Ligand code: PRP
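Only one chain is given next, in structure tokens, and it is the form predicted on its own.
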Amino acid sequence: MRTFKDRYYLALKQVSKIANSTLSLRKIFDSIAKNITKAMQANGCCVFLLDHKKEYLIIVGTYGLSDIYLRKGPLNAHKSLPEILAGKVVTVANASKDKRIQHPQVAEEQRVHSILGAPILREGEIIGEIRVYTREPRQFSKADIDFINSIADVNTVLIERAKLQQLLARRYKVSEKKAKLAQAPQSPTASLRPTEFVHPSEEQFAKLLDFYCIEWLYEPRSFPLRWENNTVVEMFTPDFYLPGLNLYIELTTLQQPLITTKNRKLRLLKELYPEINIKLLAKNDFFKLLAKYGYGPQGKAKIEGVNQVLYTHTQIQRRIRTLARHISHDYASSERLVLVGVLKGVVCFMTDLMQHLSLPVIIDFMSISYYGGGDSQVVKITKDIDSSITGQHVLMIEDIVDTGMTLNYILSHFSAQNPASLRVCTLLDKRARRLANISLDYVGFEIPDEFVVGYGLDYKGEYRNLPFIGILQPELFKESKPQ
């Protein structure tokens, strides 16, 4: 009979061979979970990766666990064995009674008793977890912990290799069009997702969610709908869960039999689980749903020429409310505040900001133009503000600040009029482009060195009416002046 040392040695040898194979990433992780389960004489194993927000655990490999246990619900890494996020190996003696387990009732029903969890680290950062499950009470030994940590190290190498392969593919193997798409910002988890979608519409919907930076989990939970003799005989697994909206999504085609069946299941699900928020969507309903939550113009998905959404309408409004609270607090003792904006890009931001200020305000606008070119480009005021700001508290409102040269010129122009105070509030700060040494008192978001459009920002007069801020495809423009 083999000792645990023999089993662990053979498992590590087999895992190393699998890791160096040509199998897909998902199959490799499944095989690793299988080898861990057998070597540790356990009943199941899961390999997880953290989503890019480091909130939810996404299954990338599994073996030996029931579908009901795997689909018990979105697994929040901060609620389920949260010590693992701190880099600790965690043991659970009784899963059904441990407060660190997110779904103890399902653990009891599916006879999951003891659990061993270990972090997957990359350069000291937690990127995932491995968990081992047993049906019988188990006290995990130091050898068990050393073995699972070794396997976690192998997983880190696998993930790094996958990222390297993607990088090489981008550089050498993909077409020019695909290469441009591959250069679009992606979350680490999204780039390594091993998900195989059942239907093309699901993949299309996932890409749409990625474009709008909406976090999603694919088939994270199965809901038992019907039982016979205490055995589940019918379940329903929604296609997606959107954590930010706390919303389950089930997609459907226009085939009436499928719609009828899914509607029946949804009615039953809502009766059994009234707390669950779920929607049944046909393809044309995608865009109506996104429009409802402020993610894009109704009737269109991706906006032509925009690579990806940088900040959604919801994120922008939330940040504006925070800025307004700070400004209202700082100017609470002032009789009034003068808001000055430069047309036209600032209109959306200034309009929304002033609605949340809890003090009297006066608004004014100015227009500027540029002449000359290159380094000799000069700013000219084509329309000055209408009222005097002498002795007034002035807050300069900007949509975006990059080099700061234009803003520096305008601030000098206003300072000569002796205001009581002069501060700056900008929605976007492109600090990578800064040339002038200016102080920004209130900043919405610091953004990368990208050309952005939407929410008042334009390119050749277009895109201003987009409800979000997106990154324009670089091949579409050649900047004649700083943004």
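In this text, the rigid core denotes the largest set of C-alpha atoms whose superposition between the two forms falls within 1.5 Å. Note that residue numbering begins at 1 and tracks the sequence as displayed. Here the structure is a predicted model, which means the values were calculated and not measured.
One more form of this protein, predicted in complex with the named molecule, exists but is not displayed; see below.
Among the candidates Val342, Ala95, Leu158, Leu75, the residue which, in the predicted complex, approaches the named molecule to within 4.5 Å (heavy atoms): If I apply the 4.5 Å criterion carefully, the residue I get is Val342.
The single option of Ile400, Val306, Leu217, Leu208 touching the named molecule in the predicted complex, heavy atom within 4.5 Å: That would be Ile400.
In the predicted complex, Met405 touching the named molecule (heavy atom, 4.5 Å): Yes, contact at 4.5 Å.
Tyr370: touches the named molecule in the predicted complex, heavy atom cutoff 4.5 angstroms: Yes, Tyr370 is a contact residue.
Partner contact for Glu450 in the predicted complex: the named molecule, 4.5 angstroms, heavy atom: Flag for Glu450 set to no.
Asp458, heavy atom within 4.5 angstroms of the named molecule in the predicted complex: Because a heavy atom of Asp458 falls inside 4.5 Å of the named molecule in the predicted complex, the answer is yes.
Candidate stretches 148-156, 343-351, 102-110, 218-226 - the one whose heavy atoms come within 4.5 Å of the named molecule in the predicted complex: That would be 343-351.
C-alpha of Gly44 off by 2 Å or more between the shown form and the other one on rigid core: Comparing forms between the shown form and the other one, the Gly44 CA shifts below 2 Å.
CA of Asn408, rigid core aligned, shift of 2 Å or more between the shown form and the other one: Yes.
Ile59 C-alpha relocation of at least 2 Å between the shown form and the other one, rigid core basis: No.
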